[in-house]
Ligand SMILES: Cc1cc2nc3c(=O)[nH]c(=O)nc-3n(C[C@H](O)[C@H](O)[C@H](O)COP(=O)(O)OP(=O)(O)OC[C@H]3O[C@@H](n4cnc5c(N)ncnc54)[C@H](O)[C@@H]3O)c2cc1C
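Below sits a lone chain in structure tokens, taken as the form predicted on its own.
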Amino acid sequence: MNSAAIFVIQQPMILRDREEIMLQCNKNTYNHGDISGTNFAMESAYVLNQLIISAIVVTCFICTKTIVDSLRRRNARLTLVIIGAGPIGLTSMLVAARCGRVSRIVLYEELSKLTLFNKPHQIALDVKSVHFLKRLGVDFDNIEGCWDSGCFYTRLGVFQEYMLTTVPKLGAAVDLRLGTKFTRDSLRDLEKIDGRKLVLACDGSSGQAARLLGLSDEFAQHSCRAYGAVAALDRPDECQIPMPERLMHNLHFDLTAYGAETSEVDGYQGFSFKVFGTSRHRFMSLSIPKCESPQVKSLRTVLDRSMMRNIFLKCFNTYKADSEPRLSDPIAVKHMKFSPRLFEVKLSQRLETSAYFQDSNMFVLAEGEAARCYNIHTGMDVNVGIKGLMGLSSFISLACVVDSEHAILQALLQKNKDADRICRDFIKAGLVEYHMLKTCL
């Protein structure tokens, strides 16, 4: 009994122990779940903190890089090297001095200062070129010359003297190397200059700078859909006075005395005649839209120097300025040089006018007649080159900061597009714009 009682009594104790164990297990289970939840919350907070810190670091990096890039772009400068001190080279120097992106300007010119200042030939700046130069600060009131219909006429040496004395006063660091020809040794010196460089070949159609700098010598010939002839007359007894041009349109000539049948002129546009230059150095041009009129055929095929000389002689005496002396036959024979017959007017365009050389960190551009030229003297030839400089300031600003291959390529492509546009515009209407023709075909 006692034993049974004891058994009976002990059985509930065992159950109680089991219940306590179960309660303790449940309690431990609940505590473990709380700990896991706490760890998860802590891990989530840690990850969130890391993300916030990373975002702050990335934001600070981007802001710092943006500020540094902005400062770098704002303070970026380059060295500009100009080869040729003609109107295009000197205008380029003025553009560079005004744009504020050039730390130093180096000018190479083969001729001496005295030779430059005594150049006798006349240049004519059209209305667009005058406005462009005025925006650059050119004071035409302090340049010897004359005005006519918004165009400015002056002697080349006078213009060069004004530019060479004015630009150094603008505060830019200018290194004038007059009487110094640009050679391969000069190219080696140029490559030693630290930082980015922009080199402009402005030494004319017969210059060799573009080739020395690595640009191709290949040119494309474009027809301007016109025929022309030119004449030059030197009169040593006259003074070097700039004179406005004189022009006449729709002229026809009687060439029957030379055995040419030229009586049929109906339906054909006549010739345009133009006189320009200083009073001492006079130039004449004869031009006509491309056609097959009897007169054009005769003047293109008949090689009779007296025929073309007499045409220029008669036209000059008829349409010259009232203050000019007449041109006699002996003077014409002795002092006048002229085209013996009509030729096709063409524009020559250099196929490669811009390049970038990574090893020397150098941009190279051809400007003026080194980039494009034509085979007839219009009296306003300089204006085609000045058109090419109207975007030079923007290109200098862009060349200072471009650093990737894609950005450099885009800058060069834009420059090439501008060069092609200038050529297309001249082919389309250049002879009319420069008063060589009355209307386009």
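For every residue, the number given is its place in the sequence shown, counted from 1. As the structure is a prediction and not an experimental result, all values here were calculated from the model.
Beyond what is shown, the protein has a form predicted together with the ligand; the following relates to that form.
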268, 289 and 437 each touching the ligand in the predicted complex (heavy atom, 4.5 Å): no
Selected contact from 85, 255, 364, 233, since only one has a non-hydrogen atom within 4.5 angstroms of the ligand in the predicted complex: 85
Listed residue (204, 168, 214, 294) with a non-hydrogen atom within 4.5 angstroms of the ligand in the predicted complex: 204
Stretch in contact, per heavy atom within 4.5 angstroms of the ligand in the predicted complex, of 354-362, 275-283, 97-105, 191-199: 275-283
Interface membership of residue 348, the ligand in the predicted complex, 4.5 Å heavy atom rule: no
Interface membership of residue 124, the ligand in the predicted complex, 4.5 Å heavy atom rule: yes
Non-hydrogen atom contact residue 176 with the ligand in the predicted complex at 4.5 angstroms: no
In the predicted complex, residue 379 touching the ligand (heavy atom, 4.5 Å): yes
Residues of 181-196 having any heavy atom within 4.5 Å of the ligand in the predicted complex, listed in sequence order: 181, 182
